[in-house]
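As structure tokens, one chain now follows by itself in the form predicted alone.
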């Protein structure tokens, strides 16, 4: 009996190890998030709500467009209201090639010119929100080292926890921790830590759903826990693969505004 018990325990341990070995690595998880299909192009309306520590709110209306190109992804946002930000626009080009930084521009109607966002300005707040310009870009998985640090069950679904540490020194965040839904490869939450490794911000996805066969984030919130300030984004009127024109993603169209 003792010999049989040891043998059974040995094979049970092997079975557990085999199951564990089949789980994806941190890099594989973040690669799947990065490569999750989102459609060839997308148009949607966006409501941005800024809330300070006293509970006071400011609301902004935008229209955004996104399109996949052979070499990467391009996005453009047009502010529609209120009057103090109307006709401001923002454009971002993200590249598939490893090591190639995003290119970003902002058009300020008061200055009547398009300004390129320099690498030194990527840590600045985007239009007073809790998102930086860097947060609005697409970070390639190769820019970080990734480690799966746990697994949780959220509303009946398996969720992986992945810690990501920048490879390059001097990054805006010392590390991030992401909660990713298995098989859907949708991020439910992401915690950001400042250069001193203090918890700085939390991005929480409050609503997502399938639209035209693709998983789309419909409501998410970035909270700066140090400043007690948060920015909520609500997405509506989503349309995917409707034929967004290439010519939309230009400085000329930034100045022209949404039509």
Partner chain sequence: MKKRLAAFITGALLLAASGLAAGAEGPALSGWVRSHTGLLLSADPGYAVLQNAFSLSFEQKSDRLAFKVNPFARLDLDQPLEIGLREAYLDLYFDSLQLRIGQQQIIWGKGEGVFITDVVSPKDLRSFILPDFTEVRLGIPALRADYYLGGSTFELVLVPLFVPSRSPEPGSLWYLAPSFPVPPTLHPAVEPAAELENGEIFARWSWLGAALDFELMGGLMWDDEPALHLARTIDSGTGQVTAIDVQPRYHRLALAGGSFSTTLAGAVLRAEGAFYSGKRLATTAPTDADGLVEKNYLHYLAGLDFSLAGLQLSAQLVQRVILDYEEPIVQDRFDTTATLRVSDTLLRDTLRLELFAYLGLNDWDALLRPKLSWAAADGLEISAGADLFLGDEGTFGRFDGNDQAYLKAKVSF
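Note that the coordinates shown come from a computational prediction; the quantities given were computed from them, not determined experimentally. Positions refer to the first chain, counted from 1.
Beyond the structure shown, there is the form predicted in complex with its partner chain, which is absent from this document and is the topic of what follows.
**Student:** Among 213 to 221, 188 to 196, 30 to 38, 45 to 53, which stretch has residues with heavy atoms no more than 4.5 Å from its partner chain in the predicted complex?
**Tutor:** Stretch 45 to 53 is the one.
**Student:** Looking at 154, 97, 149, 83, which is the one with a non-hydrogen atom within 4.5 Å of its partner chain in the predicted complex?
**Tutor:** Exactly one listed residue reaches within 4.5 Å, namely 83.
**Student:** So, 141, 180 and 183: all three within 4.5 Å of its partner chain in the predicted complex by heavy atoms, or not?
**Tutor:** Not a single listed residue reaches its partner chain in the predicted complex, so no.
**Student:** Even though its partner chain is not shown here, does residue 115 get within 4.5 Å of it in the predicted complex, heavy atoms only?
**Tutor:** Yes, residue 115 lies within 4.5 Å of its partner chain in the predicted complex.
**Student:** Looking at the partner-bound form in the predicted complex, is residue 72 within 4.5 Å of its partner chain by any heavy atom?
**Tutor:** No, residue 72 stays farther than 4.5 Å from its partner chain in the predicted complex.
**Student:** Could you tell me if residue 93 has a non-hydrogen atom within 4.5 Å of its partner chain in the predicted complex?
**Tutor:** Taking the distances in the predicted complex, the answer for residue 93 is yes, it comes within 4.5 Å of its partner chain.
**Student:** For residue 58, is any heavy atom within 4.5 Å of its partner chain in the predicted complex, or not?
**Tutor:** Residue-level check for residue 58: yes, a contact with its partner chain.
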